[in-house]
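To begin, one chain is listed below as structure tokens, in the form predicted alone.
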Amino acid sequence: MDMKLVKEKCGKENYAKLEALKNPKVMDFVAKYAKLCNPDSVFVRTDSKGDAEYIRRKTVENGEERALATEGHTIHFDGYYDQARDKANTKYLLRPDEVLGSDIKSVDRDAGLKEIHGFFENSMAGREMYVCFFCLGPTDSVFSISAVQITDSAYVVHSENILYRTGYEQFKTLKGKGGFFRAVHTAGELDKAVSKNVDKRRVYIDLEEETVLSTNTQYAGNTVGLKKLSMRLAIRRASEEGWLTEHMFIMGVHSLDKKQLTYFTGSFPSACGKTATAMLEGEKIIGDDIAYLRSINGKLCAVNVERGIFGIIQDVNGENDPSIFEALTAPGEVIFSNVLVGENNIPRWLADGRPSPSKGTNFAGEWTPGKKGPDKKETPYAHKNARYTIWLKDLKNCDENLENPDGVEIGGVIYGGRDSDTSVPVAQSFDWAHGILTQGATIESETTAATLGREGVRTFNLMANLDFLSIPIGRYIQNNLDIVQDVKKSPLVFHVNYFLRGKDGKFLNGIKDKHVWLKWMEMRVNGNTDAIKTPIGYIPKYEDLRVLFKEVLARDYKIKDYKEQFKIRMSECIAKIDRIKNIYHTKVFDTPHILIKILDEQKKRLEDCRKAHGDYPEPDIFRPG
């Protein structure tokens, strides 16, 4: 590659930073895109605080962020039509003989590279290229994956500065080898500091070169290459190396006497309570989004891939999320995106617990009530998908093991979904395989009117990870089954449902009841209580829940509520099994035989029970004696 060009673009100081890595593969990668994108200059970010400060300063100079009233807070606006992950134009680059599955979007690799490289050509003329080094997972760890991001957006780098560990020194441990993830992004042509040609937005994943490429977009979900985009690369690598990349939080749950802390992972589709669970008051959080899991010395251990949170800010207020709300309103490094900047330069977002603003500036420009956007639709004062980016360490409930290179041992795995009429609020599987196959592999979630305009449509979402799979579904399920082969004590597997409704359409549980379900799970993992065996798994005893409701929520728990919540809905459970089997029979070409076998066994248990006890047997039916 043309190193003379790289030297000219970098200048002496930045070129020396690249040379110090002693990695020809990094040099070739930078040279390739420096030539193609043709920036005026190249800045190389190391692990130094000075380099991080340079990036923060550039976000303001470039007009990508602006300072807010509180020290360390900034605001970023994406374009009006660039407010979410672009699922339609996010595709894998595959060779003609490669098959991932019928529902996985892809494009011919050669054609896709030609197209996106055409968009990259001269895209950074007149701008600075940022070459930045990060580490996915804690540094100096068996979990560590080195990654390099190339972009012309200081906002993208600033976001990654918060979300990921610095990785320049970690790159030196590669000793000139490859094996690192690559990400390339350009915002494309700009109009008032936002991407102009969003109709040409492209987000491509090249599994062969472990590279993600995106253009004509600024929204972080499309541009922060180390988040969900690299997650797809990690799923493929994990499958080849015998570990797991999962769309999971990691949290610690205290015993009632506070003497023991048990770690759980949890996988929930969007709008199903994932963050609210991970952030339960009084418990500990390690991560809210992506986890790497490995079998190490007979234990299933996990780390948070990230060190920060890129979260939806709507509904975050002092009552619902006190820890996050405190971090968002105190001095410290916080990036707000697509919220309203109101009076006195204070950020405002939907349902923030304060009176609605009367004016301000948002993603559509100057805003007043009734203001219409370019699509002639009335715009809210903040976007429903408005976000915040913060350091986990700034949360009072951040766990001390966030940076532990060995990870934490997982005692339980939780799957959740939005389900109005089928699943009980909490249940434990019979064993690991039963949990993976009847809970994780059968997740359905009902859509909400707020997001799709049509409520109650059941959507299949395998382990809440379907959107990000880069391997065939059957292989992914088998990997989850195999991960505990060398684990001495497999984690218990649970399913939760916070959205069960009664005949009157009202929710059968309160918002805070999930804390009781978590405490019950902690008791089960540590062998501190028994449970009731039913055709679908184990459910809590009333006497345990009565004590937990009193201890955790200072509330009486009525027996009639217990019976209604935990009766087994036979017909609905059977219908779900039939729906799920049909999906695997018609859409998955490599369904493991054991999945259908386990589902059939569960269906038979349900049918036999229905014959003996009717459609809605209450929990006492299953108690011995």
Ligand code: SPV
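Just count from 1 along the sequence shown to find any residue number. Only a predicted model underlies this, so the values are computations on that prediction, with no experimental measurement involved.
From this point on, the text means the form predicted together with this ligand, which you will not see here.
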Quiz item: Among 177 to 185, 330 to 338, 153 to 161, 227 to 235, which stretch has residues with heavy atoms no more than 4.5 Å from this ligand in the predicted bound form?
Solution: 227 to 235
Quiz item: Looking at H247, H73, R202, H515, which is the one with a non-hydrogen atom within 4.5 Å of this ligand in the predicted bound form?
Solution: H247
Exercise. Would you mind picking the one in G435, G137, G221, P491 that has a heavy atom within 4.5 Å of this ligand in the predicted bound form?
Key: G221
Self-check item: Proximity of R85 to this ligand in the predicted bound form, heavy atoms at 4.5 Å
Solution: yes
Exercise. Decide whether F133 counts as a contact residue for this ligand in the predicted bound form under a heavy atom distance cut-off of 4.5 Å.
Key: no
Quiz item: Contact between K284 and this ligand in the predicted bound form at 4.5 Å, heavy atoms?
Solution: no
Quiz item: Applying a 4.5 Å heavy atom distance criterion, does F310 contact this ligand in the predicted bound form?
Solution: yes
Practice problem: Determine the residues of 265 to 294 with a heavy atom within 4.5 Å of this ligand in the predicted bound form and present them in sequence order; the list may be empty. | Solution: S270, D289
